[in-house]
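Below sits a lone chain in structure tokens, taken as the form predicted alone.
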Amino acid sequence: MSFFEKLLKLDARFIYLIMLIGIAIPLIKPIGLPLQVVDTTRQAFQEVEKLDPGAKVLMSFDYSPGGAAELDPISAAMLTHFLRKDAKIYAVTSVPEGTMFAEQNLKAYEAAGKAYGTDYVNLGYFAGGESAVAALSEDFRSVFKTDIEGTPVDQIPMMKDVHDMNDMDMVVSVNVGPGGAATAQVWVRQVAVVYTKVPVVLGVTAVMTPNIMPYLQSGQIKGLLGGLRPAAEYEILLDARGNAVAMMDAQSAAHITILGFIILGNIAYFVVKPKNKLKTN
């Protein structure tokens, strides 16, 4: 039996095994496959670059585990940038599970020696969707009385001079979309359109990008990161290749492996087919 005949009869389990190895290697040790940074990612990056040291950033982790694979790398990359800019982070979420992702990502600030309550704070979950975003924009204390630890807002040092959305230097929503209580469109309507001096940056899933792109093109939002790839591009701009780049390498490796099997399978088919015809004749 020739190589190509063996290939056509290859057990599917071996194909799955090769796929697993092909995906696992880049996750363990990123390859660093070439990745071109698109203009939208660069625009979001440059918007953060404009922030002065000590800038106040409201960051809403509006996603659940279902969207975390695409959105958590965006949160991590942006927080790395905010950390470099010495920005103060006011974390909130309109999705109950978002509190968990806020806590996980804010560990970067803790690891960097930043002080809770002075450099970053997690105000936690707010219910009410669009009406709550409108309310907190007008008066933070109408929505948040305490942080997630139960500390009264007025006892938190970094909340002293913060009263409404005009006190923020940037607003970021990393948003899972229709499943979230406060969608990306809500942040556009209630913040970007109303508080025009406060730049809004949105992180969304790749499938949401076409729907949100008009807000970027119109200038209503100042930055848009849509899915895993922009997160990897953002890491490249930061020169801090992390999980997003590794995941993009794994995705590319999977595509290359599948393409390789398709090519080999077709070659094997056309090589073996004439032989089978000769045997039948």
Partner chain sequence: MLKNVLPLLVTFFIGAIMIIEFFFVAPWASDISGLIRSWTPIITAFTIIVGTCNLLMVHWRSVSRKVPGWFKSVLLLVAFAVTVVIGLTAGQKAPAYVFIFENILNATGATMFALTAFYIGSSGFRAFRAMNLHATILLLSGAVLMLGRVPIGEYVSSAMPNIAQWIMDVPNVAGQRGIMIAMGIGFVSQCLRILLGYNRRHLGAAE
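Numbering follows the first chain given and starts at 1. If you're wondering where the values come from, they're calculated on a predicted model, not measured in any experiment. For clarity, a rigid core is taken as the largest C-alpha set superposing within 1.5 Å between two forms.
Keep in mind the form predicted in complex with the partner chain is missing from the figure; the text below concerns it.
Checked against the partner chain in the predicted bound form, the candidates V162, A132, I156, A76 yield a single residue with a heavy atom inside 4.5 Å, and that residue is A132. Three-residue candidate spot L7, A127 and I262; every residue lies within 4.5 angstroms of the partner chain in the predicted bound form by at least one non-hydrogen atom. Contact annotation for P178: none of its heavy atoms lies within 4.5 Å of the partner chain in the predicted bound form. When the partner chain is considered in the predicted bound form, E70 lines it closely, a heavy atom lying within 4.5 Å. Mapping the unseen interface onto this chain, S142 counts among the residues with a heavy atom inside 4.5 Å of the partner chain in the predicted bound form. The partner chain in the predicted bound form comes within 4.5 Å of no heavy atom belonging to V272. Contact residues in stretch 91 to 127 (any heavy atom within 4.5 Å of the partner chain, taken in the predicted bound form) are E97, T99, M100, F101, E103, Q104, Y125, A127.
The Cα shift for G223 between this form and the one not shown, taken after rigid core superposition, is smaller than 2 angstroms. After superposing the rigid core, the Cα of G67 is displaced by less than 2 Å between this form and the one not shown. Between A240 and G22, the C-alpha separation grows by 3 Å or more in the predicted bound form, relative to the conformation displayed. Note: the CA-CA distance for P26 and L106 expands in the predicted bound form relative to this form, by 3 angstroms or more.
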